[in-house]
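We begin with a single chain expressed as C-alpha cells, specifically the form predicted alone.
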C-alpha cells in the first residue's frame, strides 16, 4: 500500500463533489462531502418514513456507532465517554456549568489563551460579563511573525492562579500551530486539582494523538477534516474526567439513568456513565451526516492522512516559493496542523481575489489558510501559485 493517500484512491468516494468546478483548498473550513453521506441521511429518513417512532431502533444504533468511532479516533476505550453536542461551544458550556467542583455559586476561575476559536472566546467573555466566570488570558508570543502560545507560560498561569478550569487548543485555529508540551501541562494541572478541557477541532482527524491523555475533557466536531458537516460535535472525557463527580446544569432526559423508563423521582438521577453529559432529545440527523466521514478516517488511518498532509504542505510551499511566495513555516513541519498559512495584511482581499478565479481558501488573523486534501493535485498547486503571484499582498503586522 502506498503510504500516501492518492487522488485515484479516494476520488470515487467524492464523485458528486468533484463535479463542481474550481479548486478547493479550504478543507479546514468545511470538509468535502462524501457520496456515502447521502446514503446515511437517507437511511435516517427511510427509517422515519417506514417506522415512525420505531425509527429509534435504527437511530440509536447510529448514535452508538458515532460514539464508538469518535471514541476510537480519540484513543478512548469506551464510546460511552463521548456525548453528542451540536457545537464544541455547547461542550464547553456543559463543563463550565458543572464548576466550581465544590458546588458553590462563586464565578468559575478559568485560564485560557488569546488564541482560542471565536466561540470559545465569545462564550468565556459572555460568562465574565454575567459574573459567572473570571478569566486569565495567556497572551501570545510572536515567533517569526506568528503568534504562538508557550506551554510553560500556560503552566505558570495555572500555578499562579490555580483556576477551576484550563481551556486550550491542541492546534490553534488561526495559525495551525500544534501546541508543544501540553502533556506536561495536563499532568501538572491534574496534580493541582485543575480541570482541563482541550479544543481538538483542528487536531481531530489530523494528529494521531489529538489530545493529551492526561486531559479531563475534549471538545471537537465533524465540520472540518472529518467530512461530517456542521452540527455533529461532541464532548469527550477521559476516565479521570468522567470520575470527577461533576454534574452539569446542561442536562435533559437523555442523561437520565433509566433512559426509556419514564420514571420520576424527587431528584435528577443521572446515568452512571458518560451519558450523564447528554441533554435532551439529540439531533440524530447530524450523526447521519458524520458517520461516513468517521468511517473513512478509520479505514484510511490518521497516520496515513497525517503523512499525506505534511507531504502536500511541503509540496505546496515549494511550489509557492518558486513564484516568490513564502509561507509562515515552523521550525519543525510536525509543529503544523493540516493547513499552511500565508501572512497578508490584506488577507480577506486575497481570499476574494482567489475566489474570483475559482479558488476557495479562507483567512484568519492576517493569514490566508491553505488546507490541501488528498483530492488536490500538483497541477492545482501550480495554478493557485500563478494566480496568487499576480495579487498584491501587503505585509502583516502583529496587530492584524
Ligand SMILES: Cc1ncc(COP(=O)(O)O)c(C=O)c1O
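All values derive from a computational prediction rather than experimental measurement. Positions refer to the first chain, counted from 1.
Keep in mind that the form predicted in complex with the ligand is not shown, yet the notes after this line are about it.
A.B. asks: For the chain seen here without its partner, which of 296-304, 208-216, 312-320, 193-201 has a heavy atom within 4.5 Å of the ligand in the predicted bound form?
C.D. replies: Careful reading of the contacts points to 193-201.
A.B. asks: Hey, in the predicted bound form, does residue 119 get a heavy atom within 4.5 angstroms of the ligand?
C.D. replies: It does: once the ligand is placed as it appears in the predicted bound form, residue 119 has a heavy atom within 4.5 Å of it.
A.B. asks: Residue 255 versus the ligand, in the predicted bound form: is there a non-hydrogen atom within 4.5 Å?
C.D. replies: So residue 255 does not count as contacting the ligand.
A.B. asks: Would you please decide whether residue 89 lies within 4.5 angstroms of the ligand in the predicted bound form, comparing each non-hydrogen atom pair?
C.D. replies: Answer yes; at least one heavy atom of residue 89 falls within 4.5 Å of the ligand in the predicted bound form.
A.B. asks: Using heavy atoms and a 4.5 Å limit, would one call residue 173 a contact residue for the ligand in the predicted bound form?
C.D. replies: Residue 173: yes, in contact with the ligand in the predicted bound form.
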